[in-house]
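A single chain comes next, written as C-alpha cells; it is the form predicted alone.
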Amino acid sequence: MADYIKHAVNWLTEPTRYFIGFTLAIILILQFRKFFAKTFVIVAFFVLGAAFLVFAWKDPNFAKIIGKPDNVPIVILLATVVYFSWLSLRKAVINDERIARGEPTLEGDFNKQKVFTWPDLVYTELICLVLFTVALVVWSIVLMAPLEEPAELARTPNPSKAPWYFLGLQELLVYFDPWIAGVLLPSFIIVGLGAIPYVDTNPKGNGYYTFNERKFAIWFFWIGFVLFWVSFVILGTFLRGPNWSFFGPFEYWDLHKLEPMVNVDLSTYFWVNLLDQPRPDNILLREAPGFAFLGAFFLLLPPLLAKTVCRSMFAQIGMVRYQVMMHMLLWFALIPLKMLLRWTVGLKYIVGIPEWFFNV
C-alpha cells in the first residue's frame, strides 16, 4: 500500500500532470469557494497534510529533500501561504454574503471597535517579538546552517539553484532565451504591476475583502501568485534535481539521470516533419511559421476577444487600457503555453534564431 501511494505521488508530480492539476485545483477552489471557505476544509487539509508528512518521512529520499535546512523554511512558507490564502477567501465569501443581505462588511464592523496604540498594540507586538525570538533561537540550535564549502570552479553544485524567490525566473530560463526570461518578462511584471491602478479603476474592494465585486482581479492574482510563483517554488525546490531533471518526491536523485534532448523548434516541425523538406537557409523564411504564430497570438487575438468574450470589458475600459492589459495577459499566457508544449510535444522555441540571439 505504501509503495502504491509513493508511485501515485511520483506519477502525479510529473510536470505536465503537476501543472494541469495545480491549475484545476485553483479553478475548483475559486469556483466552489463557498465550500472551500468552510473551517473544516482547512482543518482537514492540515490534518491530512500532517499525516502525509508523517507517512512520507519514513522514505529516505523524501526526508532528505524536505529535511534540508534551507528547505524547512520553504515548507513553513508554503503552509502559511495556504492558510492565509484560505483566510482571505473565507473573509471574501462572508463579506459577499453580508453585502447581499445589505449588512456592513466585516471590516466595517471592526472599524467601530477602536483600541489605543498604547498599550494594546505595543503589548501585542512585544509578545510577538519575544515569541519569534525564542523560535529563531531554538531553530538555530536544532537545524544547522546550510553552509557549503567555498566556491570552486572545478566543482560546481549539481543542481545549481537560485534562492527560492528566484526559482520562478530560473524555471523560465528552460523555456525562453535568457534575455526574455531574465529581462523582458520581469520587466513586464514590474510594468504590469505599476499599470494596475490605471487599467483597473474599479473602486470596489478597497479596504475590505470581496470576491464578487473584483472577480477578474482575484482570478488573475490567484493564477499569477499561486500558479506562477508558489507552484514554481515547489517545482524548483522539491522536483528539480541533478542536471535540472524532474524527480518525484519519493524518487532517488540520481546524478546519472539525463533528460533526452528531443526538443526541436517550430520551424523543424513545419518544414521537416510536415512538408518533408530541409529548412530554408534564409532566416526569415525559415522562421516564418513562428512569426506567423506570434503575429496571430499578439495581433489578432486582442481584437477578436474584444468582439466576443471581452466585449463588455473593452467597452468599459476603452481601447488604450484594453490593449495594454491584453498584451500583458498574452505574455502571461505564453508562459504556460510554452511550458506545456515543451513537456508534451518537445517544442523548444516558437521562433529560434540563435544567429541573432532571438529565441522565443
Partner chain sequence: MKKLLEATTKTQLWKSVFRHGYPDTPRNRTLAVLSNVFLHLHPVKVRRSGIQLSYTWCMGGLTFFLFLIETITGLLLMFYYRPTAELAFQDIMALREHVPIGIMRELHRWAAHLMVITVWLHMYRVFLTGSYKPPREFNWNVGVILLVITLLLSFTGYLLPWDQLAVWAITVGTNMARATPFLGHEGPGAALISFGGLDFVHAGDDVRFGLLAGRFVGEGALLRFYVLHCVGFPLIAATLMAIHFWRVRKDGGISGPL
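Because the structure is a prediction, the values reported are computed rather than measured. Throughout, rigid core stands for the largest set of C-alpha atoms superposing within 1.5 Å between the two forms. Residue numbers count along the first chain shown, from 1.
The same protein has a further form, the form predicted together with the partner chain, not shown here; the description that follows concerns it.
Visitor: Even though the partner chain is not shown here, does Asn243 get within 4.5 Å of it in the predicted complex, heavy atoms only?
Guide: No - in the predicted complex, heavy atoms of Asn243 and the partner chain never come within 4.5 Å of each other.
Visitor: In the predicted complex, is there a heavy atom of the partner chain that lies within 4.5 Å of any heavy atom of Asn212, even though the partner is absent here?
Guide: Contact check for Asn212: no, nothing within 4.5 Å of the partner chain in the predicted complex.
Visitor: Can you tell me if Asn263 lies within 4.5 angstroms of the partner chain in the predicted complex, counting non-hydrogen atoms only?
Guide: No, Asn263 is distant from the partner.
Visitor: Taking heavy atoms and a 4.5 Å cut-off, does Arg101 contact the partner chain in the predicted complex?
Guide: Close contact is absent here: in the predicted complex, Arg101 is far from the partner chain, nothing within 4.5 Å, heavy atoms only.
Visitor: Could you spot which one of Val174, Leu285, Ile94, Leu121 gets a heavy atom to within 4.5 Å of the partner chain in the predicted complex?
Guide: The residue from Val174, Leu285, Ile94, Leu121 that makes the contact is Leu121.
Visitor: Considering non-hydrogen atoms and a 4.5 Å limit, which listed residue (Tyr252, Phe225, Phe188, Tyr269) is close to the partner chain in the predicted complex?
Guide: Of Tyr252, Phe225, Phe188, Tyr269, the residue with a heavy atom within 4.5 Å of the partner chain in the predicted complex is Phe225.
Visitor: Looking at 285 to 293, 270 to 278, 79 to 87, 254 to 262, which one sits within 4.5 Å of the partner chain in the predicted complex if you count heavy atoms only?
Guide: That would be stretch 79 to 87.
Visitor: For a quick check, can you give me the residues of 331 to 360 that have a heavy atom within 4.5 Å of the partner chain in the predicted complex?
Guide: Residues within 4.5 Å: Trp356, Phe357, Phe358.
Visitor: Using a rigid core alignment, state whether the CA of Leu284 is displaced by 2 Å or more between the shown form and the other one.
Guide: No, shifts by less than 2 Å.
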